[in-house]
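First comes one chain, alone, set out as structure tokens in the form predicted on its own.
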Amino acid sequence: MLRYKTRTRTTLLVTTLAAALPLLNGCGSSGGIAEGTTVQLALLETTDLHSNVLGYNYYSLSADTTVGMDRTATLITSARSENPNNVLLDDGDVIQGTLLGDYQAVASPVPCSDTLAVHKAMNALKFDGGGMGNHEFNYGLTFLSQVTNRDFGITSVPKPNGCGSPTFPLVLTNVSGVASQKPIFDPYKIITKTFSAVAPGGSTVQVPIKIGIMSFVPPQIMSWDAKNLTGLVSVDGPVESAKKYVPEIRSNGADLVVALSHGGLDASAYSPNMENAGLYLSQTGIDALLLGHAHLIFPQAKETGGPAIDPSIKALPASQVDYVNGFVNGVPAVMAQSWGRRLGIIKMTLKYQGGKWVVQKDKTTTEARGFKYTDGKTNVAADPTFAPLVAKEHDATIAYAQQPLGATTDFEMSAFFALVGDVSAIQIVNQAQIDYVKTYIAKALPAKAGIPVISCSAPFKAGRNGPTDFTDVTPSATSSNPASLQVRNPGDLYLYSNNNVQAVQIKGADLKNWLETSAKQFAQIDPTSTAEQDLVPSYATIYNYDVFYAENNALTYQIDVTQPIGSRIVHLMYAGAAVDPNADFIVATNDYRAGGGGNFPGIDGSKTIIKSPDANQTVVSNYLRSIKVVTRAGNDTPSWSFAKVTTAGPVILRSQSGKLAVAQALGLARVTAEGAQDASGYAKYAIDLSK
């Protein structure tokens, strides 16, 4: 009987070992993996989706084949086919950014029993993990808690109970509750995936790979969303947080550590309050860096005729940033632009050496793959399964967008040429902000009634996210045929529904510095050069190009683009006289700018005198309703112009194709001709700075 049992156990042991041989390959005491085994895998990244589920523009009510997750899905399918061993991760700024996002968060808030449209799409794509972006906080912590089904441990934020949410893990490493001193999301997650590998003898084996993911948001969320976050959460520096958790992730068995950095690359000296800390995160012991927030491409596009790398990245130290091959301080890195336009792909080879997986950097490549990656000319087709997933939400958003606003306009308000003097889509915003702040002062701050109130606003939709990303309200409107405005139009004029009106009190010297910082948007033009010069070399920071206005155009100024940064503002006048550096002004703006967003000298929250509960977009809507009729006569006189200069060679502005007639109708004589398209699809317009 004993002999029978021994034989049975021996037989079972032999049988078990035989079955395990394909996995173990007969070697290895550490996890049963043979020394020298290699595995190839791909980290796939989306970032800054901003609720662009479908290729559709809710402001113009038209299809847009240059954006949208429906085409990103096609890129993902292709990349997964090429790389069966893959991990799909998102780098934040998911829930806000289109009228669809605003509709589901504000106009008709999604109930706990349902899931946000963008999360439905991500669940269908089977994401493996995701991080947070700054815009996740725009709708408040209660909404974020609900749509992620996450208990933040904050008394004033209701605990969700089985709400619709992403079906993949979400992490956030550097944001904690003030009371609990604990992260409001998991600071990291270790995702285990079983991948096909190649043993030293050439056989295929299955191996577990553990990928640790962390996520970092800009510390500036405490200023940008102060109304939602003050007293409830705190933010640590990205590098400090990474150094805290990387060793813990390693000790818990992670084979790879990936940082989802919702920030770009900045070579400035590091500080814990750094907005774009990717350069320094790469030095914290991570294996891969996924970048976002800046809406740029990194590394440079690989497709034939692809767009040029942004000058801000090209200017980074070559010793640290390889923008051709995609490495930051030797760490593979990628940034997949925004709005679903690209898919980040980091292909890595790992070799099992000394009992652990080691990244083979000489066999690692990175790519930010775009819709035209196959031939440089044709967009990939949209995944047909996407539209039915969100049909209900899509149709409801369109119906909402078309509701009448109760006002008309007799002219087209656009931003195609906002960078060369057109204020048709900016002046109405400034007028609304001035009206609001003056009314507020009269009621609540009468002692300041004698201080001039001016306003600033930026052309948020002026090409930052591609050649279709321009404000264009009522293009068919004329004085003889006014157009009725709709609910969608204020969002086109003022993109960010989360911004609230604020006002700061400044001196004339502060105003000059503010304008100088705005003028950084322009290149320094060499009048003697015969080469083509790009007036606006990068649209990455278009939201920092503030255009100022005072009632009756009392404020005027010029920008001399032949001068270096900091010395460009000339003829700064108010009420016909040069602005006194010691004169007082009240500037109507938004909470992002008033609190220090954009790093404008002296504008850091300390000069704020009005913190309004009302959103800028709502203020614009209400103002349009109150005046009922918007006329060209009251909205087409710019407060600024270029200091005139004759150039030896061509100066260009990139904008949407086919809009020369718009410039001519505006009387912008400095826009003289429309040239060919560049690799990104922008038309190159000739600009005569002598006019």
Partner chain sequence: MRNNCLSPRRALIGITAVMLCALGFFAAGSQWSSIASPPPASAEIEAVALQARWGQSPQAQWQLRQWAEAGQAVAQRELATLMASADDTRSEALMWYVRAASNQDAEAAYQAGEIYRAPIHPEQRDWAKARQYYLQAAQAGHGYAALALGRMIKNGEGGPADAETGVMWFRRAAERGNAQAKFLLANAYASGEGVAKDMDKYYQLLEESAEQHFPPAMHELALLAEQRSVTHGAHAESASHLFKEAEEERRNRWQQIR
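Numbering follows the first chain given and starts at 1. Keep in mind the model is a prediction, meaning the values are calculated, not measured.
This next part talks about the form predicted together with the partner chain, which is not shown.
> Check whether residue 66 has any heavy atom within 4.5 Å of a heavy atom of the partner chain in the predicted bound form, and answer yes or no.
The answer is yes: residue 66 has a heavy atom within 4.5 Å of the partner chain.
> According to a 4.5 angstroms non-hydrogen atom cut-off, is residue 595 in contact with the partner chain in the predicted bound form?
Contact with the partner chain, yes.
> Residue 98 near the partner chain in the predicted bound form, any heavy atom under 4.5 Å?
Residue 98: yes, in contact with the partner chain in the predicted bound form.
> Quick one: does residue 275 come within 4.5 Å of the partner chain in the predicted bound form, counting heavy atoms only?
Flag for residue 275 set to yes.
> So which of 231, 84, 446, 247 gets a non-hydrogen atom within 4.5 Å of the partner chain in the predicted bound form?
Filtering the options by heavy-atom distance leaves 231.
> Taking the partner chain in the predicted bound form as the reference, which of 521, 134, 427, 74 has a non-hydrogen atom within 4.5 Å?
Of the candidates 521, 134, 427, 74, 134 is the one lying within 4.5 Å of the partner chain in the predicted bound form.
> Thinking of the partner chain in the predicted bound form, which stretch from 339 to 347, 278 to 286, 114 to 122, 185 to 193 has heavy atoms inside 4.5 Å of it?
It is the stretch 339 to 347.
> Could you list which residues of 596 to 615 come within 4.5 Å of the partner chain in the predicted bound form, counting heavy atoms only?
If the 4.5 Å heavy-atom criterion is applied to the partner chain in the predicted bound form, 596 to 615 yields 596, 597, 598, 599, 602, 604, 605, 606, 607, 611, 612, 613, 614, 615.
> Kindly indicate if, in the predicted bound form, the C-alpha atoms of residue 225 and residue 506 are closer or farther apart than in the structure shown, bearing in mind the change is 3 Å or more.
Here the pair is closer than in the predicted bound form; there, farther apart.
> So the C-alpha spacing of residue 463 and residue 321 changes by 3 Å or more in the predicted bound form; is that change toward closer or farther than shown?
Relative to the displayed form, residue 463 and residue 321 move farther apart in the predicted bound form - a change of at least 3 Å between their C-alphas.
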